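Single chain ahead, by itself, as C-alpha cells, in the form predicted alone.
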C-alpha cells in the first residue's frame, strides 16, 4: 500500500519537537557516533556548521532566514532521537 507523506505527520512531530542536542548522530565519513551536543560548531554566518569531533567532516548545516529554518544532515548516516518514556 502506498500513501502520501501526510502519514508521517505524527512520527515527525515527535522528531522535531524534542531537544535535538541529545540525539545521536552517526558520521558518514568515519562512522563515529555521538550526541549532537558534542559536534564542533562554526558559525554564525551564513549559518551554523556542525563538524564531527572525530574526523571534522561536516555533519549538519543549519541556516535561519527571515522565513525559514533550513537543516541539512548530509554528513550523517543516522540520527537517533530518544523518545520520552
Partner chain sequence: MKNRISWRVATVSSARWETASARTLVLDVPDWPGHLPGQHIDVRLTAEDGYTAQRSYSIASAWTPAPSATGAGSAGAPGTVELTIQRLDDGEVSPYLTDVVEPGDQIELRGPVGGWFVWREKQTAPVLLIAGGSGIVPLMAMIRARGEARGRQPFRLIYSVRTPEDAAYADELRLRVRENPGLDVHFVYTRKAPDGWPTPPKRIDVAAINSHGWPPDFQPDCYVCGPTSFVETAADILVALGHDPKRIRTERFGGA
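Residue numbers count along the first chain shown, from 1. Note that this is a predicted model, so its numbers are computed, not measured. Just so we're on the same page, rigid core means the largest C-alpha set that superposes within 1.5 Å between forms.
Here the subject shifts to the form predicted together with the partner chain, a form of this protein not shown in this document.
- When contacts are judged by a 4.5 Å heavy atom cut-off, residue 65 does not count as touching the partner chain in the predicted bound form.
- Contact check for residue 17: a non-hydrogen atom falls within 4.5 Å of the partner chain in the predicted bound form.
- Within 4.5 Å of some heavy atom of the partner chain in the predicted bound form lies at least one heavy atom of residue 38.
- Contact between residue 22 and the partner chain in the predicted bound form is found at the 4.5 Å heavy atom cutoff.
- In the predicted bound form, 1, 2, 3, 4, 6, 7, 9, 10, 11, 13, 14, 17, 19, 21, 22 are the residues of 1-28 with at least one heavy atom within 4.5 Å of the partner chain, listed from first to last.
- Here residue 12 counts as shifted, since its C-alpha moves by at least 2 Å between this form and the one not shown after the core is aligned.
- Here's the thing about residue 15 and residue 24: their CA atoms end up at least 3 Å farther apart in the predicted bound form than they are in this form.
- Distance between the C-alpha atoms of residue 11 and residue 71: shorter by at least 3 Å in the predicted bound form than in the displayed form.
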